[in-house]
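Before any questions on how it binds or moves, here is one chain, the form predicted on its own, in structure tokens.
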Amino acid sequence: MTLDEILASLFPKGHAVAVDNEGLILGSGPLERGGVAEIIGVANKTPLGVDGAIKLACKVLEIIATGASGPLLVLIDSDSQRMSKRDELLGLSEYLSHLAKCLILADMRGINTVGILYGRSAAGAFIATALSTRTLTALPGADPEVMDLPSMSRVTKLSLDVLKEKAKSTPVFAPGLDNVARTGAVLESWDPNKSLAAQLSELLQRETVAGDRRDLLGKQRGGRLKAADIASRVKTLATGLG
């Protein structure tokens, strides 16, 4: 689906959402059952650099400051993080982590953050946006990956052939929507032939508890077996209850 088609289905009564000249999505739209959804995101497979990350983070903080309780939708069709010398020297990782923490803060303040992945996303851009929301949904055409296999090969020093073999049976090594969903990162895929407004409304009524439960979902789906138990053990030790 195109961004225009997605927005038309999410907000059949109209919306005030636009894509700026930096490829950032900003705006709002009326919900089917009343209230207003705030919207941020990245469009047109734009890489996310320091300028885009701080602009999105500022918008999230502005929404929190208003005391808004409506949902915050994060629409994503990005490249990875912007790999430029300028962005790296300015501290790109800090900007991306700041954006992620702003989205987590919004969730902790009672704003239901919903990621909608409708195109590509990868690496730091994926982690700082879609993966930092309370829930992440996907539409046909979604193509996520935490890291492509050639890049993973350079980092891990494992050969590309070894990684390709591991990717066949280990979802955390493999790109693509099905593999990422098995890790628990994607809660569900939406049907583009049905009203997205209705599917969003149903999700908002169902997912009312703040917090990240992707590790438990990944364990249930068999794609990420250790994360939930390790996180639970760390929390127990950290709180002195073990």
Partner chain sequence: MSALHSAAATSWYEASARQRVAALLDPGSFKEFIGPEQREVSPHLDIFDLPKQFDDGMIVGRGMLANKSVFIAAQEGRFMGGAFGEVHGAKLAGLLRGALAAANELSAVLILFDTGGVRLQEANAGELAISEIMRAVLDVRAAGLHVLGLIGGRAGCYGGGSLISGCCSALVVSEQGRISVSGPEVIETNRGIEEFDSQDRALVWRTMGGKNRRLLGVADAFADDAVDSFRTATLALLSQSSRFDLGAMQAEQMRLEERLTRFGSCPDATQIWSALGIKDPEKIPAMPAGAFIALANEIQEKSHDAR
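Residue numbers count along the first chain shown, from 1. In this text, all values refer to a predicted model and were calculated from it rather than measured experimentally. C-alpha atoms forming the largest set that superposes within 1.5 Å between two forms make up the rigid core.
In what follows, reference is made to the form predicted in complex with the partner chain, a form of this protein that is not presented.
S.K.: Just one of L187, A57, L200, A37 has a heavy atom within 4.5 Å of the partner chain in the model of the complex. Which one?
M.R.: The residue in contact is A57.
S.K.: Residue-level contact is defined here as any heavy atom of the residue lying within 4.5 Å of the partner chain in the model of the complex; does V50 satisfy this criterion?
M.R.: Contact check for V50: yes, within 4.5 Å of the partner chain in the model of the complex.
S.K.: Is there a heavy atom of E94 lying 4.5 Å or less from a heavy atom of the partner chain in the model of the complex?
M.R.: Yes, E94 sits close enough to the partner chain in the model of the complex that at least one of its heavy atoms falls within 4.5 Å.
S.K.: Does any part of L26 reach within 4.5 Å of the partner chain in the model of the complex? Heavy atoms only, please.
M.R.: It does not: once the partner chain is placed as it appears in the model of the complex, L26 has no heavy atom within 4.5 Å of it.
S.K.: Contact with the partner chain in the model of the complex for A142, defined as at least one heavy atom pair within 4.5 Å: yes or no?
M.R.: Flag for A142 set to no.
S.K.: For the spot marked by L3, R33 and T137, is every residue within 4.5 Å of the partner chain in the model of the complex through some heavy atom?
M.R.: So, no: the whole triplet misses the partner chain.
S.K.: What residues in 165-179 sit within 4.5 Å of the partner chain in the model of the complex, counting heavy atoms only?
M.R.: Stretch hits, in order: K166, S169, T170, P171, V172, F173, A174, N179.
S.K.: Rigid core fitted, is the C-alpha displacement of P171 between this form and the one not shown 2 Å or more?
M.R.: Yes, shifts by 2 Å or more.
S.K.: Is there a C-alpha shift of 2 Å or more at A18 between this form and the one not shown once the rigid core is superposed?
M.R.: Superposed on the core, A18 moves its C-alpha less than 2 Å between this form and the one not shown.
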